[in-house]
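Starting off, we have a lone chain in the form predicted on its own, written out as structure tokens.
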């Protein structure tokens, strides 16, 4: 077997090791998608007279086998092959002869890897969205269940006003749903076919780029062939940036839950199955998943910056620097999805100590509501503010823990209509399902031959 570019010259072993990097390991995730793109490319080569129907049929059968082997962990990439593209072509050539030697016609590894990354990225983005919406569903359930569970609300890390756990959980559910338009924008960037751009300057063949895009379920062709290459890294940074922003919200939620579940606060209890133990202290149950989510949010943001710094430092066209944008993209997308999955499990098993939540409220947390009682009676705000400020601890008449009930405008803790399910959740599920079916249809078309 040989490298795709090998013309018989020697290659220094240290140079080979550096330039190959982790591609043999990373590309194992991309092989099924590379095989899918190769199958679509092969069907197009029949249309323009490069492959015969018989050659294409043999190639499609072998590519299906490669995709199945890769999915089952049976496909290996030898470091001597450099990457998954070479490993696939070498297998095709060894088993099919000239048909395997023809499959690269009209392609470069440049547009080949972009195609594989976008196909993988579409599936990864849907996986992430599915798990993110699962978190929203659990948060919405908690918000409904604890719509009347009084708890301190904090600013500057100090008690500020009374609120409810329902209001708190609903806030995070709404924040996570705010990311859906950005996820849609990220999808649109991924949903463009790069195949046919070759190394950035096209090829002297009548490639049918629209046909390939249709077979792969891409919404459209990314037109300018050089723009395709200039996009390497940019789309990855954009997609991962969108995902990292959502994970940042999860990290903030995780930080709160770590505090709320501490012995000192005790607002909530983490289930045993969602915590870990200490190797030395037998009484300890640690919120490790939440701590990892908190750190993972930072990690994802760093990976976005890593991609941006890499592609932002090169000129037009492909440069080998761009190979190093693959690893942070794959790592970040997988890490983000794992965070969502773990957070949904933690939240689903969360126990709330209603009495600890109520008992933690300082009487002064109702002071602002006492101010507005005075305002409703006709006292100017600043005068009421000073009056209550003279004795904030004893200013509220009634149960301080329930003072949130006086705030009934839209979106406030006492809003009687604020506990409904956000319709964006159902819309997000429909968006996900529609695109999942689109991806499945692309596989079905190519498996059917």
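Everything numeric here is computed off the predicted structure, so don't read it as measured data. Positions refer to the first chain, counted from 1.
One more form of this protein exists, namely the form predicted together with a small molecule; it is left out here, but the text below deals with it.
Any non-hydrogen atom of residue 83 within 4.5 angstroms of the small molecule in the predicted complex: Yes, residue 83 lies within 4.5 Å of the small molecule in the predicted complex.
The small molecule contact at residue 232 in the predicted complex, heavy atom, 4.5 Å: Output for residue 232 is yes: heavy atoms within 4.5 Å of the small molecule.
Interface membership of residue 113, the small molecule in the predicted complex, 4.5 Å heavy atom rule: Looking in the predicted complex, residue contacts with the small molecule include residue 113, since a heavy atom lies within 4.5 Å.
Touches the small molecule in the predicted complex: residue 120 (any heavy atom, 4.5 Å): So residue 120 does not count as contacting the small molecule.
Residue stretch of 255-263, 99-107, 316-324, 121-129 approaching the small molecule in the predicted complex, non-hydrogen atom distance within 4.5 Å: That would be stretch 316-324.
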